[in-house]
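Take a look at this one chain, the form predicted alone, written out in structure tokens.
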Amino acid sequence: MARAAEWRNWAGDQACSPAVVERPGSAAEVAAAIGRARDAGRGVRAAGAGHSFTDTALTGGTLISLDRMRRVLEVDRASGLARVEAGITLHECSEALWSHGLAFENLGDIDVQTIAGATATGTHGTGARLRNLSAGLREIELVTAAGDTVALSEASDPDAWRAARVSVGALGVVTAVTLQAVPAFTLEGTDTTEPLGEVLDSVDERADATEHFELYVFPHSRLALTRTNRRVDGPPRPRRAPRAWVDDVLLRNHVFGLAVAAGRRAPRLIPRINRALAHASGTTVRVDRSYRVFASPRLVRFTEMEYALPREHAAAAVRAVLAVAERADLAVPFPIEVRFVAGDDALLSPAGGRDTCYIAVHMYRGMEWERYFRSVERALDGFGGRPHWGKRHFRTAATLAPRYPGWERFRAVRERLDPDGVFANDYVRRTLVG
């Protein structure tokens, strides 16, 4: 148990001062920390890498950090099953899996999150035939409010397993997971610019044509940056270190950061800056280990909102969001991001029960974001949108419940595993309890 200090998320815009910060090294130590919190009448939240943009991890009670629980416990190369501690990051896990000839089937564009935090919030990559990360969890080890360590799987407790895969930390503290990996593979990633109208007119076909397709749209530009990742035969051919630094750090971070900072100082220049950035994007090709192509460094700080909607609405929804982003009263220097995911059966997965298009909007740190995000949220209401649990939104339990067929089943699991609300904070009470 450590003396409490202020905790902040990666973006720096969510902060709390917990009464106690615990850093357990085992499930037994997690149970002991929960017991001490209960005895003191404190609530409990677990924090991963802090890459959620909501207040989901905030607490004035006990904050449990899993940064001492990041080991790989067991790997079966034949079955592809790997058991890892919950605090391991996606990047660390990818490196370990690769050493066993295995890999994640899919990943998002950031891999510094912990496996527990990424899956609990429904984090995803892109791939019309691939599901989000939590769909790959075969078993979840969870410490409950009573201090019991339970192993949840489809065989042992199917409703609790479907609830715990995307749980927003409301059921207990995840201490380990068993995940399904696939044989390691090489990806060829191609980024290029194309006319926006052509891309949107054929977006469904493009999503079906390759394993991983996504696009970025700068407001006020008529170009789309498309990203297509496909499996290729042969070994990885990583870029030389100087070339990788120029592409990933200098251009995608430092130059982009200078551009959006200029837009923050002079909002009237944003349309011109956005068009220049889109035109300057050009074409790049990478052939490397899958996880190195999926993810790239993110050094420019921002806040984000992302909505999941039925895939058939993708083009219309992008056009609706773009109309908002180009309003004269809004200054939007960041591109709109569009990805695709197959449906799954986790009770609170934003992609639950339907093939999904995700649309994400961002705002640079220090710039006013709420009017923009609220306007986008209203625009996506008509498409049946569900918010990403780790990204900003303005929903409550009352407005979310009708959007999830499994809502009451999740509530029943939560009441069974945490009847006294030990793991409830303001975010959980607002979005899950009501």
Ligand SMILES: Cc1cc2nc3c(=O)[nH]c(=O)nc-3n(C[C@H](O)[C@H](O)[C@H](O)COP(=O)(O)OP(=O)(O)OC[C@H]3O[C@@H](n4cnc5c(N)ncnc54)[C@H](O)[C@@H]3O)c2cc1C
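Don't overthink the numbering: it's just position in the shown sequence, from 1. This one's a predicted model, so the numbers in the text were calculated from it and none came from an experiment.
Keep in mind that the form predicted together with this ligand is not shown, yet the notes after this line are about it.
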TODO: Check each of Q113, T356, S349, S290 and return the one that places a heavy atom within 4.5 angstroms of this ligand in the model of the complex.
DONE: Q113
TODO: Taking 4.5 Å between heavy atoms as the contact cutoff, choose which of N274, S94, T123, N229 touches this ligand in the model of the complex.
DONE: T123
Open item on the list: Contact with this ligand in the model of the complex for G406, defined as at least one heavy atom pair within 4.5 Å: yes or no?
Closed with: no
Task: T59: touches this ligand in the model of the complex, heavy atom cutoff 4.5 angstroms - done: no
TODO: Evaluate P387 for contact with this ligand in the model of the complex, applying a 4.5 angstroms cut-off between non-hydrogen atoms, and reply yes or no.
DONE: no
Open item on the list: Within 4.5 Å, heavy atoms only: does G127 come near this ligand in the model of the complex?
Closed with: no
TODO: Can you check 262 to 270, 192 to 200, 96 to 104, 162 to 170 and let me know which stretch has heavy atoms within 4.5 Å of this ligand in the model of the complex?
DONE: 162 to 170
- [ ] Taking this ligand as it sits in the model of the complex, which residues of 35 to 55 have a non-hydrogen atom within 4.5 Å of it? Please list them.
- [x] R45, A46, A47, G48, A49, G50, H51, S52, F53
